[in-house]
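Below you will find one chain, with nothing else, as structure tokens; this is the form predicted on its own, and questions on how it binds or moves follow later.
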Amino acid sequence: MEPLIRLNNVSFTGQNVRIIQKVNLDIDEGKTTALVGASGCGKSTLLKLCAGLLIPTSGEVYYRGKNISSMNRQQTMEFRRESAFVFQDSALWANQTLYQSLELPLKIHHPEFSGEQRKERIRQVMSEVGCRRDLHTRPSSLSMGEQKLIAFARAIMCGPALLFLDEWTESLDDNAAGRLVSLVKRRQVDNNTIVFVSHNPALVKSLAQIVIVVIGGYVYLKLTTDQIREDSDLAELVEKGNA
């Protein structure tokens, strides 16, 4: 069976520094995959390459057998509609209200929605994530944790089957983090594909079915959670990678 995402000999250089080095990796559809490793090892860069947000310096990234960098406009729009990304720093637009940020994905991917339909969908998603802030304010009035909630709400607004999450529970209190974890678990039941970066070993153990260990820009190991449970040395390696 063809993987949902395939990286073929992918390298990436940024600011004259080789960050990702000759990575060959398959992301399986319907699975939850965690990227783990020490700070600065290239996890977030690898996640963005999988999501097509960065173009490899060399090598190719494929989504459903299509090279992401060679997709035409229609194929790119389909990929963007089927996937969503939650950035580590939330990446909310400073010059737009929270409502405008949440509404934009609906305007792009569901132009058939009326203003009232968009409003109802936003209300529904905000209720799901448990955020009750005034949506006519701007991101600068929110804490980083609140910005994370808005960013997650924006990501799930169009019901993507593929989610990329970069340190998505960082800066959240336990209650807010728990709500987002519950939302991810709900998507696991629906066989969504989830790829996430986290330094939280408990989160990795709770959610991941596959764990990718990244060391110095290389994919060092690809493990199932069963392998980690059965081998204490592997469990220790994953634990250290998240430290």
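The numbering used is simple: start at 1 and walk along the sequence shown. Predicted model only: the values in this text are computed from it and were never measured.
Another form exists, predicted in complex with a small molecule; not displayed. Remarks below refer to it.
Is it the case that C41, even though its partner is missing from this view, gets within 4.5 Å of the small molecule in the model of the complex, heavy atoms only?
Yes, C41 sits close enough to the small molecule in the model of the complex that at least one of its heavy atoms falls within 4.5 Å.
Examine E167 and determine whether its closest non-hydrogen atom to the small molecule in the model of the complex is within 4.5 angstroms.
Result yes; E167 sits at the interface with the small molecule in the model of the complex.
N192 versus the small molecule, in the model of the complex: is there a non-hydrogen atom within 4.5 Å?
N192 lies outside the contact set for the small molecule.
With heavy atoms only and a cut-off of 4.5 Å, decide whether H199 touches the small molecule in the model of the complex.
Residue-level check for H199: yes, a contact with the small molecule.
Using a 4.5 Å heavy atom cut-off, which residue among S171, Q88, Q75, Q100 comes into contact with the small molecule in the model of the complex?
Among S171, Q88, Q75, Q100, a heavy atom within 4.5 Å of the small molecule in the model of the complex occurs only for Q88.
If you check L25, L234, L221, I19 against the small molecule in the model of the complex, which one has a heavy atom within 4.5 Å?
Only one option qualifies, and that one is I19.
Want to guess which of 204-212, 33-41, 176-184, 66-74 is within 4.5 Å of the small molecule in the model of the complex, heavy atoms only?
In short, 33-41.
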